[in-house]
Ligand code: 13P
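Let's start with one chain on its own, the form predicted on its own, as structure tokens.
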Amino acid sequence: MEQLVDEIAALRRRLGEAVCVMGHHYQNDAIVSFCDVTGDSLELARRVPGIRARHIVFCGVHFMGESAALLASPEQSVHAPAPDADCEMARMAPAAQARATLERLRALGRRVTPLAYVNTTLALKAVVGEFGGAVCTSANAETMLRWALEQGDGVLFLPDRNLGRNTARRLGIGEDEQHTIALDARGLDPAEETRPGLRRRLLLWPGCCPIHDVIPADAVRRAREAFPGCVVAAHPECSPELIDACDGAGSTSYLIKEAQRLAESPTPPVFVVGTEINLVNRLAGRLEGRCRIVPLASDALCPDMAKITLRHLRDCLAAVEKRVAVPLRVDPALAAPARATLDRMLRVCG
């Protein structure tokens, strides 16, 4: 490992300002130590247009690299150290299935605006863009859902049903105004067409993050028993039942700020955090001695984020230096409608 660290450091020195390394908070500490920019999905998207480096090396899952490639200038190239670092949630919403569903909803007389979590493929974003929709992140989901609700007579939130339900609750949208749609391999299940739920304001795609979704709500009770007086917060990709039992919920940026806030209090409580373990461990290390931070689920490791290793980063930087790196390619036919979804989000959220 030491040799890899030395080699990466040497490559960074030689490449200088020609390269910017970006990384998501769920990357391990070894990768984060070489990142020029770290953040959650919203922060990383905001930062891309201001980067001047010729090459962006994006340490995150594939859809994040695609978003960076959409937002980068034509003179820039975006590189993924591990192109096979995918996202299981993103795979739960195939573009063709989403298109067929939206077309059927229109044929049934619904003016539904799609709102896609940014954790989706470029092809899905393009479909959402064609239907006048936008993307959101966990940090701005409330703002973007308000926006989407003003565009038509309803919203199709996809693919994460948990984020959709948790966001709806924060906006005062009751369960009687929500409906999780049923799908078949082609699109909307025909049986849905006669169900009254299909007329509700908020339609939810039946997807989820398998890392957050499997954390049981009972974990909060057990944490309170183990750490009396603790504060518990979790990512809104967790189930509404778990979020209801927490003291707070929000994006990775929110969880970081909350940890820092608690660490500055006169008598910091134990802070129990329900999200991907790399972020929790990093917070625990940074705030050691100031605030005790423990994971709500110690096995909440994203296997796709974990695919990016120091060896991948070294090889990617070496390929950039040798001018043989293959950048992420964006299908020109998908670029404009997909970028429209990101542009709408950035315009609405500033």
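Numbers for residues come from their place in the sequence shown, where the first is 1. In this text the structure is predicted, and so the values were computed from the model without any measurement.
Another form, the form predicted in complex with the ligand, is not on view; read the next lines as being about it.
Participant: Just one of T113, N278, N119, N166 has a heavy atom within 4.5 angstroms of the ligand in the predicted bound form, so which one?
Facilitator: Contact with the ligand in the predicted bound form is made by N119 alone.
Participant: Residues in which of 289 to 297, 65 to 73, 40 to 48, 321 to 329 have heavy atoms within 4.5 Å of the ligand in the predicted bound form?
Facilitator: Only one stretch passes the 4.5 Å heavy-atom test: 40 to 48.
Participant: Any of the heavy atoms of H212 lying within 4.5 Å of the ligand in the predicted bound form?
Facilitator: H212: contacts the ligand in the predicted bound form.
Participant: Are any of the heavy atoms in S239 no more than 4.5 Å from a heavy atom of the ligand in the predicted bound form?
Facilitator: Flag for S239 set to no.
Participant: Is T101 a contact residue for the ligand in the predicted bound form, using a 4.5 Å heavy atom cut-off?
Facilitator: No.
Participant: Heavy atom to heavy atom, is K125 within 4.5 Å of the ligand in the predicted bound form?
Facilitator: Result no; K125 lies far from the ligand in the predicted bound form.
Participant: With the ligand taken in the predicted bound form, which residues across 180 to 194 come within 4.5 angstroms through any non-hydrogen atom?
Facilitator: Contacts from 180 to 194: none.
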